[in-house]
Structures are given as C-alpha cells and as structure tokens.
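Below sits a lone chain in structure tokens, taken as the form predicted alone.
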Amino acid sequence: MNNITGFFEKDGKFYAIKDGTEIIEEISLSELESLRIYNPVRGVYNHGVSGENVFPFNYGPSTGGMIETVDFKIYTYGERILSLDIITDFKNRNMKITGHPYQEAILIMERFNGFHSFSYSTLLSREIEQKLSMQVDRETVKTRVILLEIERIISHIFKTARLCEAASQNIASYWLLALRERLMRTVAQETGHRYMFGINTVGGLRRKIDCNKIVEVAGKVVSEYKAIIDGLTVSRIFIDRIENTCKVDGQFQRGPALRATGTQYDYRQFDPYYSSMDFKPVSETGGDSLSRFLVFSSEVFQSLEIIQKASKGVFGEYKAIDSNQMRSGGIETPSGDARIALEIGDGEITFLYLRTPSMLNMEAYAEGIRGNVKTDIPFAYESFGLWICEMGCIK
C-alpha cells in the first residue's frame, strides 16, 4: 500500500495509481482512507493541536515574501511551531478540461501552473498521443526533452533565488533572477513565449523550433550559476539558515524534496524520452532545506548535460501502447512527478485526473516544520518548490 501515489473516483468506484508503474487498480474507500496520502491528495492539510498555553495565529493569507496566496494557521505556545494548518483555497482555481477538444485542453492545461507550463502540456499531449496510438517524430521528442530540461533549469534557478532572498543573500538573489531572465528571453525569442505557451499539440509541435541558441545560452547561464552556488556553499551565513531546517524523512513527497532524503526516485527513470541517457537521479540524505537546495542545484548541472546529449540525438522514443487499457502516465516536473489518468472520445477529453507534486510536498512541509521556529518558515517553504496554483481543481 505504501507505493500508491494517487487515487480518483470514477463511476462510483475508486482507483489507485502506483509508483514506478502505469498500473491503475480498483481499491476500496476504506483502504484509501488508511493511506497517508489520503488527505493531501484531497487538498486537506489540517494539523491543529491544543494544550496548555497553545494558541493559533495566522501567517497570511497575504504576507511579505510569499508569491502566491496561502494561509498558515500556526499552533504555538511562543516561538516554536507545534504544528500548522494550511489553507490553500483563498484564490479558488477550478479549471475544466473535460468536454474540450484536444488542443483547447492543452491550452488550458499549460496555464494550470504557468511556471511549469511545458511539463504539463507535454504530459497531456503525450497521454492523448498514447490513447490515439500515435508515434511522434524524433525531432519532436528531441525538442520536448530539451525544453523540459530548460524549464527545469529556469525553475531551479528561481527556487535558488527565492531561497537566497529568504536568507537575505540579496546580491546572489538579484544575480540569479538576472540569469533566469536571460534564459527566459532566449526561450521567448526561439519559441514565441517566455513560458513556452502554445508549443505542444497532439502529434508534435505547433512550430519549428531551433534549439541551438537556447542550448548555447543555457550553457553560459549554468556556468554563471555554478559560480553563485560555489559562493553559497561556503557561506556560513547562508548554510546556517537552511541546515537542519524542516527535516523530513522519505515518506511520500515528490521530486527534489524526496531525493533529498536519500530516496533515488525520479520519474525520468521510467520515461521513455530518457531511456537512452543512462539517467541516474541526484540525491542527498539530510532531508533538510540544505539537502533540498543541494539536490535541485545539482539538477541544474545535470539538466544541462541532458540537454547537450539530446541536442546530439541521444534520447529515447515514446512508443504507443494498448489504448483500451486503463493506465496512468506521468512526467517529472521541476517540483516532482505529476501523474495523470485520461480518457478520450470523439475528439475531446471525456475524463481527466491529475495528481500534482505540490499536493504531496505540502504535506511533507507541514510535517517537517514542526519544532522549527516562525522565522524558519520562508527557508523551509522555498526549499520545497511548492506551488499553490497546483492545489486547484482540474478535471
């Protein structure tokens, strides 16, 4: 039961998705309710406690340093955090994909989380292609791999900048944001949009993209990124703020947050796009904000290597499978793997389930922050790469 990573209800029955496979199995509600992921996948993060001199107070919903609207109800008797509730629905996001033709559905999906738009549009495009038993050409696979890893680099650089800002490393933060902007402007010039909107379509890409310039600029950006990381890793001021902060074990979180606990799980290990690359996940063992920082910063360099391999033609192919079988696809977004279950009919989406990495990472954050102090909140939060927009309902 521990390898279940998502679940959904369809036609009065419940189905579970398992890690490392495309298997979808029927499951009883009582079995689901016993799983640790049951509440976070439903978007419920209630951890209130009571006791002598314990009182709750709200951090948010709008507060300095946060880029999305979220409310933390902190339970404490002073400075130390006993637990917290997380309310994510002040800006309720309900996005409906079912009933839409394929291309309209892709355009909606990529706006679900604009920062990771290409990951989500690729996920949906690939699942529709699988259902249609459609084989895309090698140029499409190459371009998708390159742009997926470029998006990962951009996201991890932004995450590093946010962590530096929280730790008052302002020069490093501004430098990182400038690097991110340089790469995003290059992406905009070559793809038509800085967030890569409107590129994916069923069966391929909507425009021909020359990735050579993007790869060239990425190499220069990553080289400067390394200089910043080298400086941060020898800065006791920076390290002291994130070491031993918000420690978690490898229970159920996703992406760099999971790999920072020593668990070498990355959906790219199972993704045919990466099958020819001898891919090995980056991992650390500390489980704290420092370990998460070390993982996602190392992944920037790894992503550049993947991009350079893909530009030389080293990548796999996404082969069609039995389109009548109920299955779950996935993709490794910069924050972790997203899992999807999809059904189509008459040129439109008839059923969609999506489990995002932030759903599970938010629960890991809520558990790890216990015992920390209130000033640890920004260092902890930014290290997980959480996105409140991914808590919204999409169906």
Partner chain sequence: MRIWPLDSLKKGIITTKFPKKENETISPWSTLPKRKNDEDVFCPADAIGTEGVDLKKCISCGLCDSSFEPSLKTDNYSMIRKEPALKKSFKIFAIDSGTCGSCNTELHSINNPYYDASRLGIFFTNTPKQADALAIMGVYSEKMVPVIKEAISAMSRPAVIILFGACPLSGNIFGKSLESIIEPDLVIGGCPPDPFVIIEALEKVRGRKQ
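Everything numeric in this text was worked out from a predicted model, so none of it was measured. Residue numbers count along the first chain shown, from 1.
This next part talks about the form predicted in complex with its partner chain, which is not shown.
Within 4.5 Å of its partner chain in the predicted complex, a heavy atom is found for all three of Ile67, Gln169 and Cys389. Just one of Tyr273, Phe72, Phe118, Phe112 comes within 4.5 Å of its partner chain in the predicted complex, counting any heavy atom, and that one is Phe112. Contact with its partner chain in the predicted complex, judged by any heavy atom within 4.5 Å, is made by just one of Gly286, Gly250, Gly204, Gly198: Gly198. When contacts are judged by a 4.5 Å heavy atom cut-off, Thr63 counts as touching its partner chain in the predicted complex. For Lys131, no non-hydrogen atom is located within 4.5 Å of its partner chain in the predicted complex, even though that partner is not displayed. Proximity of Gly99 to its partner chain in the predicted complex falls outside the 4.5 Å heavy atom cutoff.
Among heavy atoms of Met95, some come within 4.5 Å of its partner chain in the predicted complex. Of the candidate stretches 142-150, 261-269, 286-294, 83-91, only 83-91 has residues with heavy atoms within 4.5 Å of its partner chain in the predicted complex. Annotation for 180-195: interface residues with its partner chain in the predicted complex are Arg180, Glu181, Arg182, Met184, Arg185, Ala188, Gln189, Gly192, His193, Arg194, Tyr195 [heavy atom within 4.5 Å].
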